[in-house]
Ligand SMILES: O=C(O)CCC(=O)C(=O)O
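Here's a solo chain for you in structure tokens, the form predicted alone.
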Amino acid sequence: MNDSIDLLNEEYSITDSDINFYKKNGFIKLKNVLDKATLDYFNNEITKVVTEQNPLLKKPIEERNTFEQAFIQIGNLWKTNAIIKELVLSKRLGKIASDLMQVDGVRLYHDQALYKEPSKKIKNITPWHADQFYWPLDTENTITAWIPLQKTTPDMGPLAFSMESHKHDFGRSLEISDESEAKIQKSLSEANLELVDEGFDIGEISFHGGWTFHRASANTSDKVRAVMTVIYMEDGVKVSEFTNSAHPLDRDAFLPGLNPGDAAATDLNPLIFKR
């Protein structure tokens, strides 16, 4: 589908106002980044891969732990699927990431499909967390593109953000869990930080920083919430010291063979955009 691929190489205009909003609040939602035809094209392919490859789909949702109930996830799709690779390595998205972070270039940290199943039996929330808890990267210049592959209504569990939460250091030692939901919610409330919890239109994509706290409510609709994510890091960053049990696991999955102090650049971390 050449029109979809062509769009991924066209520039999306980021304004000074966009950059200032992202810097102040730690996230931004941008309209019309992709069109419906492009989203449908990738939705078909990503859904096929997730359905074929994720073993959790065979496990009843009520028998899973909190993390497993939150979403079905599968990463590094770009390495095994040429169609999905076009989206993950898109210059259009990579330049947005670079513009918002105000850096000269970005590399891929990793991609990840996040599918939240509909459920009337359990409240399959995604607890409050900050992504960078998991990442052994010696930088705060990281950003995630959260790409809904369909219109995402409030009852489907869209991503919600705590404004300016990236400026606070509470909760940064907590992985996704019931504990993170309770403790971070309490801290955010005490800090009187505003919550943005709204649906996503077709083609609307959010970008959030690694230390921005976010969550998602349960999917109480009758549709799967299909989302693709691309995580970018500034070109030139190094692997950090391992300070929690998640760091070596993420290193093995997304930075294979590297040690603290090494440049975070392997065959899994191609340069996506450079000025």
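Everything quoted here is computed from the prediction, not taken from an experiment. Heads up: residue numbers just count along the shown sequence, starting at 1.
Separately, the form predicted in complex with the named molecule exists; it is not shown, and the next lines address it.
Engineer: Among 116, 129 and 208, does every residue place a heavy atom within 4.5 Å of the named molecule in the model of the complex?
Structural biologist: Judged in the model of the complex, 116, 129 and 208 all sit within 4.5 Å of the named molecule.
Engineer: Exactly one of 165, 144, 90, 152 has a non-hydrogen atom within 4.5 Å of the named molecule in the model of the complex; which residue is it?
Structural biologist: Contact check passes for 144.
Engineer: So which of 106, 100, 184, 159 gets a non-hydrogen atom within 4.5 Å of the named molecule in the model of the complex?
Structural biologist: Among 106, 100, 184, 159, a heavy atom within 4.5 Å of the named molecule in the model of the complex occurs only for 159.
Engineer: Please determine, with the chain shown alone, which of 78-86, 187-195, 91-99, 121-129 has non-hydrogen atoms within 4.5 Å of the named molecule in the model of the complex.
Structural biologist: Of the options, only 121-129 has residues within 4.5 Å of the partner.
Engineer: Under a 4.5 Å heavy atom criterion, is residue 38 part of the interface with the named molecule in the model of the complex?
Structural biologist: No, residue 38 stays farther than 4.5 Å from the named molecule in the model of the complex.
Engineer: Can you check whether residue 216 is within 4.5 Å of the named molecule in the model of the complex, heavy atom basis?
Structural biologist: Result yes; residue 216 sits at the interface with the named molecule in the model of the complex.
Engineer: Classify residue 229 as contacting or not contacting the named molecule in the model of the complex by the rule of any non-hydrogen atom within 4.5 angstroms, answering yes or no.
Structural biologist: So residue 229 counts as contacting the named molecule.
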